[in-house]
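Just the one chain here, laid out as structure tokens, in the form predicted on its own.
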Amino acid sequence: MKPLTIAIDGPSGAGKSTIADIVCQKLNILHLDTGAMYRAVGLCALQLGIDPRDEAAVSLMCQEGKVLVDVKYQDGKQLTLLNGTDVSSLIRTQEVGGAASAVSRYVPVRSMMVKRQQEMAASQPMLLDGRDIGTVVLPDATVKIFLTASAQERARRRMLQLQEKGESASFEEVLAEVNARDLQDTTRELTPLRQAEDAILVDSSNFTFDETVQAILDIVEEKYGKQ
């Protein structure tokens, strides 16, 4: 029997990574945050002074081996490494998020990331979340979920995150960024964000955090059995 694999896709700000962390703790499996891996590539471009929108320059950066992204687990949590350095905190800025959305459109970047993600998921039970897990990375995943929420609700949650960090931004600005990110992710030529045909939709707009976690656990139990 092959390892349990859970694919969670959805738009930016849907809470995929945070919710996936708790789901994995409940199931005692590892969580691979694939978005963090793309954020590391975006961060690398910014650190090297490369415009993330410059496809040729970003592709050359990958081909020349200037970006090595890896993952390790410490105390049950994922640490994202860029060229051997832990960048788990550095990749969580708005600027890096935008860079990640840009670089993730390029074939050399996606080929490099998808290969690494498939290698990791083949060896042990794991949950992967991102934009194209159920459609490209793990098309044969045991369980596929498309986690979303309204743009307004995702903007509200992002506002709260910024406030907790002591940062300020208007709701209108954050909502505009959410809508722009959605447009970029859903219209890109290479593996655009979309719900896999066999994925189960979970709209958390009116759910609490705990209710969303339980909804996903219920789906896993129904599809795979109680862990």
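Values in this document were obtained by computation on a predicted structure and should not be read as measured data. Heads up: residue numbers just count along the shown sequence, starting at 1.
Just so you know, the form predicted together with a small molecule exists too; it's not on screen, but the next bit is about it.
*Asks:* Using heavy atoms and a 4.5 Å cut-off, decide whether G35, R39 and R131 all contact the small molecule in the predicted bound form.
*Replies:* Yes: each residue has a heavy atom within 4.5 Å of the partner.
*Asks:* Looking at K77, R156, R116, R92 here, can you tell me which has any non-hydrogen atom within 4.5 angstroms of the small molecule in the predicted bound form?
*Replies:* Comparing distances to the small molecule in the predicted bound form, the residue within 4.5 Å is R92.
*Asks:* Taking any heavy atom pair closer than or equal to 4.5 Å as contact, tell me whether R181 reaches the small molecule in the predicted bound form.
*Replies:* Heavy-atom contact with the small molecule at 4.5 Å: present for R181.
*Asks:* Contact with the small molecule in the predicted bound form for T135, defined as at least one heavy atom pair within 4.5 Å: yes or no?
*Replies:* Contact with the small molecule, no.
*Asks:* Is A100 close enough to the small molecule in the predicted bound form to count, meaning some heavy atom within 4.5 Å?
*Replies:* A100: yes, in contact with the small molecule in the predicted bound form.
*Asks:* With the cut-off set at 4.5 Å between non-hydrogen atoms, does S12 touch the small molecule in the predicted bound form?
*Replies:* Taking the distances in the predicted bound form, the answer for S12 is yes, it comes within 4.5 Å of the small molecule.
*Asks:* Sort through 143-151, 80-88, 118-126, 104-112 and report the only stretch with a non-hydrogen atom within 4.5 Å of the small molecule in the predicted bound form.
*Replies:* Comparing against the small molecule in the predicted bound form, the contact stretch is 104-112.
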